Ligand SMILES: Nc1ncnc2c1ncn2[C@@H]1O[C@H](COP(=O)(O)OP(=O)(O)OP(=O)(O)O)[C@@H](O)[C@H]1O
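Just one chain follows, in the form predicted alone, and it is written as structure tokens.
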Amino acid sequence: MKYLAYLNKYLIKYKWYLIAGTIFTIISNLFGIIPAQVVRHALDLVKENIDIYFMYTGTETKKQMYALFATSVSIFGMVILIMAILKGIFLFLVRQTLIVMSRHIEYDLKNEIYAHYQTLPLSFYRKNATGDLMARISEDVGKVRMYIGPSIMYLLNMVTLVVLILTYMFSVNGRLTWWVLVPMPVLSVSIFFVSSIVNKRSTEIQRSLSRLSTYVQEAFSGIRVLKAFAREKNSIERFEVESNIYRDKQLDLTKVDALFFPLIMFLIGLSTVICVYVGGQEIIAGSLTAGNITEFIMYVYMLTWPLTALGWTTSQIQQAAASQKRINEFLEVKNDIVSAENLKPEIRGEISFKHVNFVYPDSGIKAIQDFNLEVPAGQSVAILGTTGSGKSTLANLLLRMYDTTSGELQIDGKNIKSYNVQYLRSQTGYVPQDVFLFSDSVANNIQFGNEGTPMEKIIQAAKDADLLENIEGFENGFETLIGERGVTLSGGQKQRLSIARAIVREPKILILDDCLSAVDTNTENQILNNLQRIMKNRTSVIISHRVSSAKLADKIVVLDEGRIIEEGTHDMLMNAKGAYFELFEKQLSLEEA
């Protein structure tokens, strides 16, 4: 239960649901055990008077006694019916409190996990698969809900019923009660033994489900690649392998349950046999009546469902514990990207890298080495380099997706760690190399992160990104739904929409991470001309492998394996005839070809 203890704060939050549910459970069980006592009184009434009834055979008194018996039995029957109705009403109230409580907690827990996911750094998402994240917030939370809802309900029902019934049984005849309870220690040992097996197998099941969810999510996300390479059959085969593993683990757990329930029923049946045998001896001894034995047998069967449910409840609690353990693993991950001083000053845009080094924490790759760069506010810098040279890493450091391993990154002369993280990012416009668009309208994708933007600004941003003509060609214009990840748009349209999304915010710092790689030369020139006006008096960082994009910048930096190998203006670097010159000549010859 140590993992499930995390949920105690929610049980305290919804304590009135829990208290009311407990009270309703006690009341419903009181109405449940009264019929057994009514049956005892009815049976004893008949048994005690049946001989007298037959003594008056052929007389008027016999008819009167029959009428009295019929009336008494009818009253007993009505009492049993009323008790059943009242029990049903309070059982309904039990579910309306305890099950409703579990739904509230499920809602709160999912929101807590999702909100926590949002706070975690980019390194967390590099280490964990999307399918696993989804499994923990859906499947695992569902398992936990079964504990805080049905399992608690059945446990409360079992405890109150057992306490009420055993208290009354001991008050009637202690010896018979003890004999009836003889199989219970065996039941307890069985539950303890089975619980450890269930816990282990439940953990394996959830891990298998996470792998299955991850594979399915990747297959659907990359469906176009699968189809393009005609790998559907192979994908199905791999899915079957993962699915079979999950099925086998579920069957292993089912086998345990299949053996457990018959064992419980056998022990309950054994209690009934003992009750009849020992009870018969007590009747002979004159300490009990036949009505008492009938009452005891009814109590034994009343205990059948709670004790049978105990096995199911134990299984559910063990599965919930395994799921909550997985949830806790992620909830215990802390965000190391925090603000030292939580500053929110007006940002001018001066950028300063001072002996910055960065090593990716998950892979150990050294991406940036002794990097030094000064960018005055309102000026622009272009960072060029081959794939893997560390260009995009610099963008992540500026957005504070990661912190530097050593050295210092400053904005307006202050350490970037001093700024409020959300405020810093709100002052930055970012166009990523890997464009991600949401399944929403074009207008909402452009104003993403800047909700409430006037329509004229959205239109102007689309125009500056050379996307307005395309949007006007869509059937529904800016209200066109672009599908998951922008699947209905071309690669160039996605990049231009991403540019529009960044510039509509009117950021103090604009970061363009190889954002023109998917557009043709003519479109690139059009966008670059527009960007010249947009970048004016705004600090801009242009990350690219194209020299044409770099010509806009006030300063050009050439990277190689995380180090600056050249730095200067376009003319200076061309005259130096170094790496930049070679890159320019090579790209120029390709364009001419």
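Note that residue numbering follows the sequence shown and begins at 1. Here the structure is a predicted model, which is why all the values come from computation and not from measurement.
Keep in mind that the form predicted together with the ligand is missing from the display, and what follows is about it.
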*Sole residue of Q422, T387, N476, T71 within 4.5 Å of the ligand in the model of the complex, by heavy atom*: T387
*the ligand isn't shown here, but in the model of the complex which of T130, Q96, S406, S363 has a heavy atom within 4.5 Å of it?*
S363
*asked:* So, K334 and the ligand: in the model of the complex, are they within 4.5 Å at any heavy atom pair?
replied: no
*Find out whether any non-hydrogen atom of A367 is located within 4.5 angstroms of the ligand in the model of the complex, and reply yes or no.*
yes
_Contact label in the model of the complex: S208 to the ligand, heavy atom within 4.5 Å_ = no
*Does R126 make contact with the ligand in the model of the complex, using a 4.5 Å heavy atom cut-off?*
yes
*When the ligand is placed as it is in the model of the complex, which of 221-229, 391-399, 112-120, 496-504 ends up with heavy atoms within 4.5 Å of it?*
391-399
*So which bits of 429-466 sit within 4.5 Å of the ligand in the model of the complex, heavy atoms only?*
Q433
